[in-house]
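Shown below, as structure tokens, is a lone chain in the form predicted on its own; questions about how it binds or moves come after it.
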Amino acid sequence: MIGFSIAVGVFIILAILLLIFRLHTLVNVMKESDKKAGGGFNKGNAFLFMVFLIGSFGLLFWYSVKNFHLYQLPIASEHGVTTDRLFWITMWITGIVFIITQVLLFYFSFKYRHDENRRALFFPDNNRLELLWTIVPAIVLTILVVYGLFVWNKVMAPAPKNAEVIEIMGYQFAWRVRYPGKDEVLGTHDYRKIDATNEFGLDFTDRAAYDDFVPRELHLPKGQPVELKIRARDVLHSVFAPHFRLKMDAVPGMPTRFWFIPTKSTAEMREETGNSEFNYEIACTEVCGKGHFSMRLLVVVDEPADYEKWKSEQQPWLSKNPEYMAQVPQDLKELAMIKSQSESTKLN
């Protein structure tokens, strides 16, 4: 502890001395008491500017070429092609502009460094130059914004009528998914009915909830539209599935949605990546507490026939939790028993 205090004290003293030295140099320059004040520093700093420019861009290009194959994950959704195209167009335009402006910035700092034999020239304005660097960026940015709005509207448009509707709910610290049963309609939920078992808060006054099922992993049909109805049970979460180019916040009290079409099954992606253990997953990209790191949901993309087979093997949540039959209105109990037991009876 004493050694640390001494080190901090030495650092503070050195910082103060450096500040005093710099202030002294600045005062001398301002007073022109020493015409050569800062001359050596200017030449050295100008040279270091060019070294930094060449070194940093050299490192940037080397790293980019070497790791370019890691910059983009394989695309496994239809809209992913469009969003990636928008991303790379924006990246190329802004990247080229960044390189040009930084080269000019560092070069001008080198070329117009302090020189006793040169006087600076000043001009109050240049209307053509002002128009050039205002209108050109405005046109380019307008094109990018309009293109981005077009892509956004296409992605966020209403899902097709034949879309597979699935609810995904985030809570500290996990994801849960719910599928509609044979009626293809998700039952309503009520936060007041949430408990340790009924995590979704299923409302059993709604007959559509009787055949809903809640699996441990998210299954999706390849080549068919899927609409995710997203919500959060406690704090802000965020649904992120990078291979599908899917990212949407899960907001408490404000349901969100996202629809897409998976284009590659899990088996196909394993073959493409050469990784026999590859799995799609959904992660949370909104820091939501100490257990944020554990919010991972396994996603399986099946061929359509395999998906339908998997769905037929699932049992309604109510059949697995018959004690909740007590919450069903008396006049709907018979219907609830029929809808919740039909699939499980087939399996048995």
Partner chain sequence: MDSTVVNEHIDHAVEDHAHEHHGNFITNYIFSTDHKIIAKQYLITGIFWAIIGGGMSMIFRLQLGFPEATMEWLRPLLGDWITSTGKLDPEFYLALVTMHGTIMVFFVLTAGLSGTFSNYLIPLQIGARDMASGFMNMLSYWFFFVSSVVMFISIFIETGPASGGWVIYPPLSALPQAISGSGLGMTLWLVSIALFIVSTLLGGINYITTIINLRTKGMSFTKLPLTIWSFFFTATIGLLSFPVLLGAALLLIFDRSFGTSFYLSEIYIAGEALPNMGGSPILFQHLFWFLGHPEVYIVIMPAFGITSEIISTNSRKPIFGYKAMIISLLGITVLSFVVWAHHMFVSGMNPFLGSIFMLLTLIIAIPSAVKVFNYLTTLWKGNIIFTPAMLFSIGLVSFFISGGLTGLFVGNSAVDIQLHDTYFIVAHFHLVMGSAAFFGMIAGVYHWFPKMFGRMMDNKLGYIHFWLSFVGIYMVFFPMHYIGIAGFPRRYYSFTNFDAFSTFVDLNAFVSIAALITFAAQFIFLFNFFYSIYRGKKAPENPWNSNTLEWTTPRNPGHGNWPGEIPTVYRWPYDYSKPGAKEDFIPQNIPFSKTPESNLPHEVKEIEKEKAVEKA
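Just so you know, these numbers come straight off a predicted model, no measurement behind them. Numbering follows the first chain given and starts at 1.
Keep in mind that the form predicted in complex with its partner chain is not shown, yet the notes after this line are about it.
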Assert contact_stretch over 218 to 226, 89 to 97, 205 to 213, 176 to 184 against its partner chain in the model of the complex, heavy atom within 4.5 Å, equals 89 to 97
(message) Test of understanding: in the model of the complex, would residue 268 fall inside 4.5 Å of its partner chain by heavy atoms?
(response) no
Does its partner chain come within 4.5 Å of any heavy atom of residue 159 in the model of the complex? no
| request: Would you please decide whether residue 305 lies within 4.5 angstroms of its partner chain in the model of the complex, comparing each non-hydrogen atom pair? | output: no
message = Test of understanding: in the model of the complex, would residue 54 fall inside 4.5 Å of its partner chain by heavy atoms?
response = no
In sequence order, the residues of 52 to 90 that place a heavy atom within 4.5 Å of its partner chain in the model of the complex are 52, 59, 60, 63, 64, 70, 71, 73, 83, 86, 87, 90
